[in-house]
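Okay, here we've got a single chain as structure tokens, the form predicted alone, with questions on binding and movement later.
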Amino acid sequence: MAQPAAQGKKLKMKGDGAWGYAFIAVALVIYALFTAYPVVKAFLVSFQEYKPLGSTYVGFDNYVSSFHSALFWKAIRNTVVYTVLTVPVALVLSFAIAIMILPLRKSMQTAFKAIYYLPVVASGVALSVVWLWIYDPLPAGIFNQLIHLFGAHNQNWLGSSATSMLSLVIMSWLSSHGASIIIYLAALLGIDESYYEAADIDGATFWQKLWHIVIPCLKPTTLFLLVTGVIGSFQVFQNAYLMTGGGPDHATTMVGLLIFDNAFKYFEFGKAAAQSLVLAFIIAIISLIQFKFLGKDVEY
């Protein structure tokens, strides 16, 4: 008598599995169309002098010309400088703000989450317009008004090669870190209260709890934000494109902006594809190094 019931359960499991494969198939098709195919196509185009009505195979010429381009290496250097100056500061700021929000009442936590996350949903173009106004010369620009109070002269923040990169870095520092703050807060709320209780019994101070409990427990979260932050910084495009256009004298030309210019300004799609693959290779190597040295004792 038990056999039909078992058979029915087996049939039900098969049906559930079919629905699971169906949902996975949808995701796989979307991934194949919008991620895998563009990567494969970019790989093929990188070996061509691409033309809509007939491309020419040129071997490694696009890679060779990129590696011999002083502008390409300058864009790499600008991107590395921007990443080194922005990602660590973003992590520290997000962590500090999350720590300050954590002891507040739930309603206050929610209010601060909304305040810090609001710029994330705002248009990047609108934010750039605001920052263009902030960096305006006197008498309109806020930055110049501030430094004028201390006797400094009017600065052409975005128009000078000496200050244009610094301007983009400051913009990144003071822009939204809402997503990182939310992630850090979620991780902080996930730490077992018994750790804090044991530390209180031992008479641990705030800084001792922070160093011996909070930071080790948040190491997986920090690694995740570090890796995604570095990837995002290496792909930065919008700020440089809207604020400076890569100038002056290519002082703010990032790799992403250079690839865009080669593809859609100079129509050198083959060179742009080659440079995008080089960028992907650099990001992959840096990510592997981060996991190698920082992810040894991280449990997922």
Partner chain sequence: MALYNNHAGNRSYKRNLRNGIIMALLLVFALATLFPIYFMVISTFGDPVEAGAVSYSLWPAKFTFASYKFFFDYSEYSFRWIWNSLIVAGSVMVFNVIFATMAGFAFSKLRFKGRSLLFTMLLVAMMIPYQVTQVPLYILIVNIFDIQNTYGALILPGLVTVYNIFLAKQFMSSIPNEILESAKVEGANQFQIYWKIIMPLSKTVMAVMAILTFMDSWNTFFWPFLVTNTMDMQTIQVGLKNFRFANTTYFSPMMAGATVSALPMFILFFSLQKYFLEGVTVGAVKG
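Since this is a predicted model, take the numbers as computed values, not measurements. Positions refer to the first chain, counted from 1.
Omitted here: the form predicted together with its partner chain. The next part is about that form.
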- 4.5 Å heavy atom contact, Phe34 and its partner chain in the model of the complex: yes
- Message: So in the model of the complex, is its partner chain close enough to Asp200 to count as touching (4.5 Å, heavy atoms)?
- Response: yes
- Message: Is it the case that Ala70, even though its partner is missing from this view, gets within 4.5 Å of its partner chain in the model of the complex, heavy atoms only?
- Response: no
- Query: Any of the heavy atoms of Ile24 lying within 4.5 Å of its partner chain in the model of the complex?
  - Reply: yes
- Could you tell me which of 174-182, 160-168, 147-155, 75-83 sits within 4.5 Å of its partner chain in the model of the complex, going by non-hydrogen atoms? 174-182
- Within 74-103, the residues that have a heavy atom no more than 4.5 Å from its partner chain in the model of the complex: Leu93, Ile97, Ile99, Met100, Ile101, Leu102, Pro103
